[in-house]
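Have a look below at one chain only, the form predicted alone, in structure tokens format.
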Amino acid sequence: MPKPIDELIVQETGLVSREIFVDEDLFKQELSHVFARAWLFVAHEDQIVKNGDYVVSKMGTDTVIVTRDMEGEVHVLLNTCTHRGMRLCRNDMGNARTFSCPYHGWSYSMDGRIVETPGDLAGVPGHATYYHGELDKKDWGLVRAPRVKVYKRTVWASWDPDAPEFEDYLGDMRQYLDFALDGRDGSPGNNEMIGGILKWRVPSNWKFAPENFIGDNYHDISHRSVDLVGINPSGGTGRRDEEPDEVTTLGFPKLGHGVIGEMPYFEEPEFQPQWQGNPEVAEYYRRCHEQRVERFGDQPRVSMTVGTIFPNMSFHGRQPRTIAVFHPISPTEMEMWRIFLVDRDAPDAVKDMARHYHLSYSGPGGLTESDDMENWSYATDSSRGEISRSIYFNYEMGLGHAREVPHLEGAVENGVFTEENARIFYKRWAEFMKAGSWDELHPGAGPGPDRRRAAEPTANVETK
């Protein structure tokens, strides 16, 4: 049996037990306490453009169907027949008005003219004869996620009807997510997928990845070989173009999110040339900078490099511009998904250069991602043993040196090199693992437990 949660995560001294990365019982508890409650990224709207489009995704270890019904509303449905559990959609994506089970023929309609609620059971072979008309089809529709949110072309869902509003779940971390999802000129929601999703499995516990992207600048040594090879889109050595000097780590202790980025600022910095490997592309980003200056004026704005939305979604906002999701398979294996983003209205040359650069950086063949996967895999494997799993990882860096951030509610800052955000991540993990319901988890508006608000049930589907 694993130790109590408060002995696994020792927040006061920055210690995290290796058991949480390899223990089967803790993994099962994560599925029920974390993945069955949190808001999870499930899809991008480019995957479900037309009515009837669907894509198969994951929420924890459950597979789900993300689909747009005949009226254009987005639903997230458990991908299993309610009769005998056969998987309904075995293709990754497609278009269908009806999902039919190949086992016994039960069918579920997404057409509101046929059923009261999309996903309801519509057809049952032998309903009038074998079932004598006694089966109530309304009771046997597909299991649906009660909370769904379409946000700036991304789709999120939660299994918990008492989960807070999506915007409250994000808090002011929302500003940094917006930077990644908005156009380079600041135009809201100006993003599209480049191609499809890269999917691959890694022999690593899922938590290593979001921890890596929540604020770990300390591991830069891992990428020294990539820097020497040079995949910089402007040529020369390095992985990316120069970043602003004001980069720091910012975390949200009540929420579990964190980011490497800039604190809110009120004037756009001087333009730094980027993407110099192609003059047309470089000129596009220069124009975007000018439009961004005009759009924001003296209003506050943020920018960022990489961050994590608790529990398992991370994103890059600059180079590369991507979404990453880390799906748990077992205590020692995860499935990674990468989506590459670019402005929807960008010229083809910009999109093509972004595609080539992103593939060289991220994904199973990406030079930088390969370094990370090696670290996570060996850290997982080295924690399996009877002795090694009994000791703790050290997260002491910067302990006790966090500072509150003006203009960001409930945020703290702790310099460029710190493990503050990792401590924030595991503190929130511990809260989820101990909590009985969202009444104990709802994010507060700022520092201090007295600022927490009660969760309020909302409508099933929300869009923006």
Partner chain sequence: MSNLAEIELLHEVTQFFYHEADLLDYREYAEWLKLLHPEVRYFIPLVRNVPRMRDNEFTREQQDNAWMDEGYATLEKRVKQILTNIHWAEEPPSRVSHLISNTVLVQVEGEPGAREVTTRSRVFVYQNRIDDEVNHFVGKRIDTLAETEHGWLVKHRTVHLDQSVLLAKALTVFI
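Numbering follows the first chain given and starts at 1. Because the structure is a prediction, the values reported are computed rather than measured.
FYI, the form predicted in complex with the partner chain isn't displayed, but the following is about it.
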Report task. Answer for His132 alone: is it within 4.5 Å of the partner chain in the predicted bound form, judged on heavy atom distances? Result -> no
Report task. Please run the contact check for Arg355 against the partner chain in the predicted bound form: heavy atoms, 4.5 angstroms, yes or no? Result -> yes
Query raised in the report: Heavy atom to heavy atom, is Arg301 within 4.5 Å of the partner chain in the predicted bound form?
Result: no
Query raised in the report: Might Ile197 be said to contact the partner chain in the predicted bound form, defining contact as any heavy atom within 4.5 Å?
Result: yes
**Report entry** Stretch in contact in the predicted bound form with the partner chain, which is absent here, among 123-131, 249-257, 157-165, 221-229 (heavy atoms within 4.5 Å)
**Finding:** 221-229
Report summary line: in the predicted bound form, the residue from Val202, Val281, Leu170, Leu77 with a non-hydrogen atom within 4.5 Å of the partner chain is Val202
Query - the partner chain: the contacting residue among Val350, Met93, Leu181, Leu142 in the predicted bound form [heavy atom, 4.5 Å] - result: Met93
Query raised in the report: Would the partner chain be touched by all three of Thr82, Asp111 and Ile114 in the predicted bound form, meaning a heavy atom each within 4.5 Å?
Result: no
Query - Residues of 363-380 having any heavy atom within 4.5 Å of the partner chain in the predicted bound form, listed in sequence order - result: Pro364, Gly365, Leu367, Ser370, Asp371, Met373, Glu374, Ser377, Tyr378
